[in-house]
Every structure is written in structure tokens, then in C-alpha cells.
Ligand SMILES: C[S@@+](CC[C@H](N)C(=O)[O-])C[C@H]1O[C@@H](n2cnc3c(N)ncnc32)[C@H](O)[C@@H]1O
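Okay, so here's just one chain, in C-alpha cells, the form predicted on its own.
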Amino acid sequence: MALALAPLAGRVVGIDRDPDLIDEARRRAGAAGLLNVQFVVGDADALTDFVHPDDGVEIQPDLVVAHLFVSDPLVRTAAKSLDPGGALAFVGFHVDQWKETGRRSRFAYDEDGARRLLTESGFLVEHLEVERSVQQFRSVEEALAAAIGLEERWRADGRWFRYIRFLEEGGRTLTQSHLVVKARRAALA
């Protein structure tokens, strides 16, 4: 996301907990000649603000973007870090994401929950929609093949067995569902 935004922005800071992903992003930025991008290994959920020092000068963000990770702390930190008029944009998991597994992601929101969190955090919602894609399968084998890349992670958190049960009971779908949101920091009263 940071690499895509860099040509359009004065400065971009990319944050991820995975040092390997940060190293890869740095390599890609270098190969693309992007000089306005900085990458930080960190947990965006644990940061107290998104204002990063640069040679002793704090940079005030105009935009906070999150991709496939949204949480209450992230939204509240964005609210603290953005001046009025600053924007928060994200694509996050909707509660229907992989609903066939019977287990909701702890980072998933429904429309009302997302709108409530944003409003309580001082944002005005400008855009909120759900993008949903439901794959239909003719057989258990097709359904398993579509989820094979998820098997290890789903086995670790118990979803795999729930998905297998869903298939055994005649289910033949796999849902991907995301919230796409843009909100602006409200003016201070």
C-alpha cells in the first residue's frame, strides 16, 4: 500500500509487525527509486500516535491508510494523530469474511459497528460499503482446493475443522467480504 501511495504523496510511512515484509518493502521502494517512503517495524495496534519524528521535526499525517487490518485502537490512534479534515481510509474484514468457518475474525466489523467506532472516535463517515464475493463450488474437492492456501492458518485457529464440517453438511461456498471505508476527522467543537 505504501509503495502505491508514494508517487501521490509527499511522504509515506509504512508500518508492519513482520520484519521480512518491511525488508521486502524497502527493497521494492529502492528498486522503484522511491525516496519519500520510510518503513517501520512495529505493531500499528500498539502505537500511541502516527506522528513520526523526521530529523527532529514531527510530521503530521494528512491521511492514515490501513489494509486488511482495522481495530478499535488503530482507529482511535488515527483520530489522535490526524488534524481536523485529515482522512482515514481502510479496507478491513467484514463479519461475513469466511463465514463458512463459523468463526469471526477479531478484526472484523459489520457496517453498524464500523460506523459507531468511527463516529465515537471523532470521524465523519464519507464512504462505507461492503465488497463481497461468494465462490460457489460443485464439489467438496473444489471447495478444498480453493481453501488450500488457508489450511495451515485455519488449522491453527480451529477454522479448518469447522469448514470441513460445513462442507460435509452440504455447504459449497467460500465468502470473501470486506468493508471499504473513508472517513474524515471532524472539526473540533
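In case it trips you up, residue 1 is the first one in the sequence shown, and so on. Quick caveat, the model's predicted, so the values are computed rather than measured.
Below, we refer to the form predicted in complex with this ligand, which is not included among the displayed structures.
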item: 4.5 angstroms heavy atom contact with this ligand in the predicted bound form for F161; value: no
item: This ligand contact in the predicted bound form: E142, any heavy atom under 4.5 Å; value: no
item: Heavy atom of R172 within 4.5 Å of this ligand in the predicted bound form; value: no
item: Contact label in the predicted bound form: A29 to this ligand, heavy atom within 4.5 Å; value: no
item: Answer range among 29 to 37, 117 to 125, 131 to 139, 42 to 50 for contact with this ligand, defined in the predicted bound form as heavy atoms within 4.5 Å; value: 42 to 50
item: Complete contact of D16, L21 and H67 with this ligand in the predicted bound form (any heavy atom, 4.5 Å); value: yes
